[in-house]
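Just one chain follows, in the form predicted on its own, and it is written as structure tokens.
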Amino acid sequence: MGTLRNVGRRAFLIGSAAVAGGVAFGTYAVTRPLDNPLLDGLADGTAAITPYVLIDAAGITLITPRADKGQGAYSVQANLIAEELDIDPATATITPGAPGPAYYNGAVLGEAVPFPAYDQGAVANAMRDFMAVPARIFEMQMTGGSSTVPDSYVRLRMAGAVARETLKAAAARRTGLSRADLGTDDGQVILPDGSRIPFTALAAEAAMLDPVRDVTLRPARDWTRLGKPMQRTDMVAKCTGTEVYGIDTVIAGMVHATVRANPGIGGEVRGYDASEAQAMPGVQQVLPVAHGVAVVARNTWTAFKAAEAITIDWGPAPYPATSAEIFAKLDAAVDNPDAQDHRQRDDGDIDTVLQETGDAVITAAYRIPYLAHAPMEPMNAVVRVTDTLCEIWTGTQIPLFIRDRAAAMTGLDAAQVRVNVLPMGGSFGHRLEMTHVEQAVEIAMALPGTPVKLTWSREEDMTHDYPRPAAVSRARGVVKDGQVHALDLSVGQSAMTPAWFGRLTGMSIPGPDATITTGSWDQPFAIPHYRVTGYRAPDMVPVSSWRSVGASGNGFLHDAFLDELIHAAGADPLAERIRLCLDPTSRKTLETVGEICDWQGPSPAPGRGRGIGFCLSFGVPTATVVEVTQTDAGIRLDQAWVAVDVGEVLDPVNLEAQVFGGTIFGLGHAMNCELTYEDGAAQQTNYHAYEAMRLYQAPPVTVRALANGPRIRGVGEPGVPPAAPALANAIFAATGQRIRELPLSRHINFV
């Protein structure tokens, strides 16, 4: 389990390397104050009390630096500040602001430590907290891993409290009263006689003061916004169709562009004939870009059509050409002891138990496919490059990485690159990449001074997505006396983290890739003999982070096989998971999902079945029960119930929406979605071939949120991992058919 004794040496290098990095950079690099980016060019009479609050006579601006991909991140960040600042966020301007090192994410690397989330020991927590150090040093302003709330929970409330107390100090200076005698309410300082001074009227005086730092955060019992249903600040715009996304950006004088890159990602261009495209009305230019050809035109549609008209001779993809060849490589890796990447779970004596059990050992082989991110808004960016400035407008989760890459491409200093972060029409991890921005910069460098709006077609977006890794597993288990006695899981896949980080930085990460087994080795079960091993397959199709990252697939590989063992033992699927559970918070989550669905076992009626799935991911134990019915035409999803524990619920309505959406997202992908490859190219290039779940197929979902966990957690990701095993386990309960491959539609119909 999560002790130093059982953590593999290579795995522990993750943490020790970070420690070494901190020492190497020195204490000053870790503790020096970070510049407040709002102070750059600050107008007279404007107070930038912290990097998160800007006040002038016209109003209040709240800086919400974590990207909003549709999950309500801007809204929750604004309310964290507003709770302490005593304002209605609806009265403020909310903006991600200009990217800067001050906005590093101190929580996003916490998942990388070699301790399971239920290990709340001093060493484990110290390591988690320490991971903020490399995040700060490497200026990791990044959104992902359900880290927005854990990272912001104290920091943004402190920002609001400091601003509030500084404004009170300004009022005290003006009135001659003591700050201790002043109060605040609804954007105003309250004097002892009941008179009020608006914050905006104090901006100029507050700007002359050092921020007041001796502040105390308000206890939860005094909250007026947090913990209650909030009106998301972006709902009106999104419900009325007036939200301005990145793809809506219009810059005066801009031209429109698109790209056709080698569908075998990374393959070269042997040659091309653009004569037909160049003769089309509205086409302004055809030019080469890395691994492809770009078209510049008067509008996006013309650029799309012209790009289709170019005849291109592609070189081969630098990886196996077909899905069959790719899965052969994965199978070879998981069967090769020399390909072992890490082993972070090794309880009991699994080899002896398996040997003694002999032919009674239960075995199974599972596999999961590549998955596309496929957000509604395809990749896009507007870029303008001059001799002294590179301006970028795009929706992104990694603004500082984009800044640095643009600086390297253009030869400008990082300070000469401006990244304007815009709302996104979904991501699911897609906007942790920047290939489209690199292409836009490349085109803009060829058209100096001209704003270039690059838009990928849907086909280009799907073809050049860096997908969720495909994986295979080998599983063995033993049951004894009606209980699960041993579980041995081996997972083989290509490494995701080194591939992704290498694309962003050009740097390689030594040591293992924990994402190969995340969501399987770290589960809170006390199985007497329990081993999980990750095997690294060669790099093939370039892969990336997909919603819930490693747990997205391992949640299925681990929990579906655990369900097999429980059934083989003749035990109840829910009761046995509860019996095995060693973590009180996770156990309560399992008990709660049983309560809200009135668990009656796996087969409530002939032809119907209930399956339970569980995964502890991103520190959030999540238990899902799905009920299905076998009809003459196929499987119908009747109902789903989900229980989650996030430690502290900030917005019960948005939490329910995130878990509901994650469950539907996970179910739909489990039912139907995969990326397959032929001639090195993805065969599914649009939604007609990558169809998740139809509206009529979506079951009602009941969500119960709990708050027993020791730390506050985010909830954008954890709803996904248990959905697939819950559905597969329900199908087994209803039909007796155990499906060990996703998507499930390869083996069964859905209605």
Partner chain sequence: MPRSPLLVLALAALTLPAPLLAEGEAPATIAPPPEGSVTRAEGLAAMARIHEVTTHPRCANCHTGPENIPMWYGGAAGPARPHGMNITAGDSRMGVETLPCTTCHRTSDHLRSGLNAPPHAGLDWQLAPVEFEWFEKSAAEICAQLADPDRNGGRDWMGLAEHLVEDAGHRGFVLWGWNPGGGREPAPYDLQSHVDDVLIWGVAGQPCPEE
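It should be emphasised that the depicted structure is a prediction, and the values quoted were computed from it without experimental measurement. Numbering follows the first chain given and starts at 1.
What comes next is about the form predicted in complex with the partner chain, which is not displayed.
Contact check for E459, E678 and R694: all three have a heavy atom within 4.5 Å of the partner chain in the predicted bound form.
The partner chain is not shown here, but in the predicted bound form it comes within 4.5 Å of a heavy atom of E308. G187 falls outside the set of residues with a heavy atom inside 4.5 Å of the partner chain in the predicted bound form. The partner chain in the predicted bound form is approached by P263, whose closest heavy atom lies within 4.5 angstroms of it. Proximity of W314 to the partner chain in the predicted bound form falls within the 4.5 Å heavy atom cutoff. With the partner omitted here, the stretch from 360-368, 594-602, 300-308, 93-101 that lies within 4.5 Å of the partner chain by heavy atoms in the predicted bound form is 300-308. Among N686, T61, N708, T702, the residue placing a heavy atom within 4.5 Å of the partner chain in the predicted bound form is N686.
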